[in-house]
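Before any questions on binding or motion, here is one chain by itself as structure tokens, the form predicted alone.
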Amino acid sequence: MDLLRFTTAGSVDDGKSTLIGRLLYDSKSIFEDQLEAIEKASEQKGEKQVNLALLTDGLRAEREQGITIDVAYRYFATPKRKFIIADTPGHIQYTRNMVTGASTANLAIILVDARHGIVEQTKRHSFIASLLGIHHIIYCINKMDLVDYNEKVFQTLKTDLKAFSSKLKTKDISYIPISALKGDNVVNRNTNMPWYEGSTLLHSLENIHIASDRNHIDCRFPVQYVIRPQNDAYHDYRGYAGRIEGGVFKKNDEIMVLPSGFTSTIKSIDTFNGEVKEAFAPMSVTLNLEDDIDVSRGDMIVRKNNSPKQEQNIDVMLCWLSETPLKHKGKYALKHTSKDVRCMVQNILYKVDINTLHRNEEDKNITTNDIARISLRTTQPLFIDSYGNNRATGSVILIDESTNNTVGAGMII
């Protein structure tokens, strides 16, 4: 079955956790013991009805404050598709957690409180979703029950969101009026909004087309590990293990290994379940080559006439995650696919104003949750694509070498 990864985002108290709880509850994806546990927890808190938000808010601090702090992952399936949900925090101070949860998503559900309309976090999360290369956004206008299911409120918000989202790179955007608390238009259609003729949220999630989102043209295989069993059954076996990040590899294909430039032919493609004739992203496989050539972790196997760029000077859009500001001319460890290098911040070009999406070239102070364009110089060449072409080979993370903390996530321009 097809797998859809999606993330929920929005401001504090927009109802993200309640929406996921309703989605799981109405699609019959909750076990009896889970339901009993949240019923008991709701009763202890003196709530009149079951608080479905408790399904994802598992931390004690989250339940005490009624907010999401860490990313919570939930899994469920319908007859049509499997899903992995990342419930991300709405607080501005936890934007870094939202970046983490959204980095692998195919789709983003951004909740907007029908009473409050577009707020700063709506804009911030929309921009981050677009920046992270998420191809599909669904704006859920939530809490319609608190505005008496007024069509005019929905249409006004939809117009405002269209005007704002026209500045984003994401083109597949839809709008659904819902009540997560009551379950209106989440899994089942209701009679409270007869004026809405679109699909429910679950129907949209089941039917949205994601097969063409990945790059199946440019072959990219970063090598993670060299497999040498050295036993009687596989005495001379030498395989290169990793995850395909782009394109389709087939048996007998001519390939080239970077950075050496040596060429060979694929002898076999091995998986946990046996040999396959072809493999594509995001499969994890082991490539066995016809020739014995020097290949190690951090190298990349590509098609002979389709190579990524080899660069040491790279420009990235950076989401800064650390409480310690970015240092101009500062040195950091950098991870790109399976390659580890060191880098220096050569220049801070501009910071993005989240509210207007305009560039601020005067303010070069990059602190927690800021988004900026910077130039980096690496100690070794990287084999890169633009983030728009390939999210895996077009992304980097920066690590503070003194603390080993991940301090920045960058998208290569």
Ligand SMILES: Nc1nc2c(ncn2[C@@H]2O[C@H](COP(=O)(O)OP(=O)(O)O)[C@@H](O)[C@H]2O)c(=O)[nH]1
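If you're wondering where the values come from, they're calculated on a predicted model, not measured in any experiment. Numbers follow the displayed sequence, beginning with 1. Rigid core here is just the name for the largest C-alpha set that superposes within 1.5 Å across the two forms.
From this point on, the text means the form predicted in complex with the named molecule, which you will not see here.
- When the named molecule is considered in the model of the complex, residue 125 lies well away from it, no heavy atom lying within 4.5 Å.
- At a distance threshold of 4.5 angstroms between non-hydrogen atoms, residue 270 is out of contact with the named molecule in the model of the complex.
- By the criterion of a heavy atom within 4.5 Å, residue 143 is counted among the residues contacting the named molecule in the model of the complex.
- Mapping the unseen interface onto this chain, residue 390 falls outside it, with no heavy atom inside 4.5 Å of the named molecule in the model of the complex.
- The partner is absent here, but in the model of the complex a heavy atom of 181, alone among 181, 279, 157, 208, sits within 4.5 Å of the named molecule.
- Contact with the named molecule in the model of the complex, defined as any heavy atom within 4.5 Å, is confined among 214-222, 145-153, 293-301, 131-139 to 145-153.
- Residues of 5-28 placing a heavy atom within 4.5 Å of the named molecule in the model of the complex, in sequence order: 11, 12, 13, 14, 15, 16, 17, 18.
- The rigid-core alignment places the CA of residue 203 less than 2 Å apart between this form and the one not shown.
- When the rigid core is held fixed, the Cα atom of residue 189 travels less than 2 angstroms between this form and the one not shown.
- In the core-superposed comparison between this form and the one not shown, residue 309 has its Cα shifted by less than 2 Å.
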